[in-house]
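Form predicted alone, single chain, as structure tokens, below.
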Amino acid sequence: MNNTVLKLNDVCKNYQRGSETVHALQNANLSVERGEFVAIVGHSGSGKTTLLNIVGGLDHPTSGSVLLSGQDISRADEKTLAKIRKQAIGFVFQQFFLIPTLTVKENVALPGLFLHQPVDDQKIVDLLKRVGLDHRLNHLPGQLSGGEMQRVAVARSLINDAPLILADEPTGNLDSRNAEGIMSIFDELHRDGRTIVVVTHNAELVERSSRVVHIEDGRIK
């Protein structure tokens, strides 16, 4: 059985900024095995978020290939990418991206609703219990702290049992206490065998990962 969840082959990403060509990624090669917890680190502007966006099917590479569980997604159309994102990837963003008019329960259920699949209420409760928020089921995001909103985002990323969790600075907007809570959840997910790729500046989160990938000027070191 192939245990490679993610593989990048010579991935380049170029942007035009006026007359200047920005080489956001340059011949990036990366392989992530099932159950790994990989931290991607580098200075601001080094290409970390660009890499994560391409891995998650939110952007296309200029050249090279991206294989997700053996499927090349680098040239997939938006309809195919949307399906892959909903079924195969759980996203956790720095800005939470919760819908303010929906309850905690409804926000967690959203990925399943987008797939037109019924979401088991007990599964939502169990996920929220896992992140310590089962008592907040019917609260709106505006009634939660930053740490609680991020925990809702983590629960949402797990609702479809995606094999890959991608996180972009998941502790970036949190104080140390709430950051510790989120890091503990990632520890637990890793112990459970989830594959996690996280972009972070948090030194403690880096220490908890199983492997560190350095990126500098668009090149993976």
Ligand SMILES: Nc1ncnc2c1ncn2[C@@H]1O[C@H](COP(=O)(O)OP(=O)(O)OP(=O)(O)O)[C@@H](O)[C@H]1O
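Being a predicted model, the structure only gives us computed values, none of them experimental. Numbers follow the displayed sequence, beginning with 1. What we label the rigid core is the largest C-alpha set whose atoms superpose within 1.5 Å from one form to the other.
The discussion below concerns the form predicted in complex with the ligand, not included here.
- Three-residue candidate spot Gly45, Thr50 and Gln94; every residue lies within 4.5 angstroms of the ligand in the predicted complex by at least one non-hydrogen atom.
- By the criterion of a heavy atom within 4.5 Å, His201 is counted among the residues contacting the ligand in the predicted complex.
- The ligand is not shown here, and in the predicted complex it never comes within 4.5 Å of any heavy atom of Leu205.
- Although the partner is absent here, Val11 is not a contact residue: none of its heavy atoms lies within 4.5 angstroms of the ligand in the predicted complex.
- Although the partner is absent here, Val22 lies within 4.5 Å of the ligand in the predicted complex, judged by heavy atoms.
- Heavy atoms within 4.5 Å of the ligand in the predicted complex belong, among the stretches 62-70, 22-30, 174-182, 150-158, to residues of 22-30.
- After superposition on the rigid core, displacement of the C-alpha of Gln94 between the shown form and the other one amounts to 2 Å or more.
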